[in-house]
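One chain comes next, on its own, written as structure tokens: the form predicted on its own.
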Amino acid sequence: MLTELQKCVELGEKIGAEFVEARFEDLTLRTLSRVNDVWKDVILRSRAGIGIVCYYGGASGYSFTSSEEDKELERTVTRACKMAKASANAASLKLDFDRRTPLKSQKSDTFQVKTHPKTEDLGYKTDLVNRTVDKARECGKSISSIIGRYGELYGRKLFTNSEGSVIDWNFELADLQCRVTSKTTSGSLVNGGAQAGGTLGLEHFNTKGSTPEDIGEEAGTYAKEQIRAKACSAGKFRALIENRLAGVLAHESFGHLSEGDFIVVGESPLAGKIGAKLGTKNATIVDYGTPDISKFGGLWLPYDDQGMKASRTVILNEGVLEHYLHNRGTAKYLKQEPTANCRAVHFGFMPIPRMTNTYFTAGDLTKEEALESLDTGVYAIQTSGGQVGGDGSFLFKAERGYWVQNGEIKEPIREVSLSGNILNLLSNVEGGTKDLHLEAGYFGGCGKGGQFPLPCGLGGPELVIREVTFGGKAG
């Protein structure tokens, strides 16, 4: 396949493109979903194809095909080149980029797991889901529904370009989830959820805390706990934000604002603010394609879809805005280094600036010290959705929460909705715990520019926030 991609590059240059990128992917996707005792999805799909980007006059054109026939590849390259030339005549914003030293991938660029999803059969994976659901069912008679899900996505990614880079590696993601819905005496529905997901082998589901039984019990226990929980009072309180919710804030409310394409057109409040103090010294946000998976979890992305090698980009450094997330064009336009953040959902889409693993860095507090620092307020955990705005505003509903008084967890609360603006929140971060945790999921994902769902990692430590606006309603 590399030979075919190299021919595409040569043809694009021959017919007038100034630079050409050719990428191939051959991915397998499996989805298993069980609702109570009924299997809703038992799906196995493959996704293979070639995408071509041609650059001309500071503009680009993109075309793709699922065929490997020479004639179709020629047509695909020709379409991309024609689109680039047409765009160059009309584009008001030109995004050139510098030539770089060719990159050659190594075998070590593929993250090695002990038990790859492709080595186990369907029965093994349906058993993971069954065990999850069965364990969750043990957690009470008020359960309305139990959803158990397993997903996997893996396969080869191959890339070359006019510089002569040759990138060849294998992507892998596995995810096991459980969601339990229970009913209160008043008829309200409450939820509990748990998951383990990221670039991990199936052996991970044999480790303490991540077995199907652990996941099912956690989801069921939290749903049962929410039955007796009181509704969260509305108002401004001190808060302790759990790892995943911290990651959602870093990704949704801040990470998108730092993406280079939003910056160059002035659609982000972070535009022109490099060097500005936006948060406290306890607020550092990083995007990194290759974190220490074995220690922290997350998603392994050694290269982006422009063939750039992953880097650790410190976006916000102790409260100071330091860098944006780029493709090669936005990096040159803004006079920064590329950050390997040019990604596409699959070969049918043009790569655009997107996040990899985005997270708050760890602090120096223990969990006990974080609760003591919180003193009295809300401990908010996970999230079940929300809304974000282009100005950094957010509204998230925490999956569950606890009222903390004098540093001690007193009682569970529900309807925990938190709102505000990420720039205000950053100026209220008082500290973080030592326990950095990252995760990524097969289900859902990041959406942008019509491209959904793109797997991304997110997380952080647990964060102590001076003041957060909460709103709740009586159940």
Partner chain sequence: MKYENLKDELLSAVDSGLKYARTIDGKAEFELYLFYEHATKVKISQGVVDATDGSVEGNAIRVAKDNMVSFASSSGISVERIKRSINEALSSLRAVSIKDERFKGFCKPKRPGKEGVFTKEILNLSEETLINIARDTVKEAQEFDKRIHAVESECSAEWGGFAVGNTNGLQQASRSALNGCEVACIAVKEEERRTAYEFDITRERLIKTSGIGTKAAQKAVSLLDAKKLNKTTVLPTIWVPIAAASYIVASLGQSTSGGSVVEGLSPLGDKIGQEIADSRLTIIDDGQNPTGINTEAIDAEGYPQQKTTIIEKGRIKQFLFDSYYAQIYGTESTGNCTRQTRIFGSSIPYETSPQIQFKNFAVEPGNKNLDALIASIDGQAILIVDIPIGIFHSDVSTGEFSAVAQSAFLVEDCEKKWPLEPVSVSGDFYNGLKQLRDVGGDLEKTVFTVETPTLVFDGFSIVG
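The shown structure was predicted, so the numbers you read here are calculated from the model rather than taken from an experiment. Positions refer to the first chain, counted from 1.
Beyond the structure shown, there is the form predicted together with the partner chain, which is absent from this document and is the topic of what follows.
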| Among 110, 371 and 443, does every residue place a heavy atom within 4.5 Å of the partner chain in the predicted bound form? | no
| note | Here the chain appears without its partner; judged in the predicted bound form, the stretch of 280-288, 203-211, 173-181, 318-326 with heavy atoms within 4.5 Å of the partner chain is 173-181
| Though only this chain appears here, would residue 190 touch the partner chain in the predicted bound form if you measure heavy atom gaps against 4.5 Å? | yes
| said: Taking the partner chain as it sits in the predicted bound form, is residue 273 in contact with it (heavy atom to heavy atom, 4.5 Å or less)? | reply: yes
| query | Is there a heavy atom of residue 381 no more than 4.5 Å from a heavy atom of the partner chain in the predicted bound form? | reply | no
| task | Answer with yes or no whether residue 387 is in contact with the partner chain in the predicted bound form, where contact means some heavy atom within 4.5 Å. | result | yes
| message | By the heavy atom within 4.5 Å rule, which residue out of 106, 89, 185, 294 makes contact with the partner chain in the predicted bound form? | response | 89
| note | Students should find that, of 83, 139, 167, 128, the residue having a non-hydrogen atom no more than 4.5 angstroms from the partner chain in the predicted bound form is 83
| message | Only counting heavy atoms and a 4.5 Å limit, does any residue of 379-418 reach the partner chain in the predicted bound form, and if so which ones? | response | 384, 385, 386, 387, 388, 389, 390, 391, 393, 394, 395, 397, 414, 415, 417
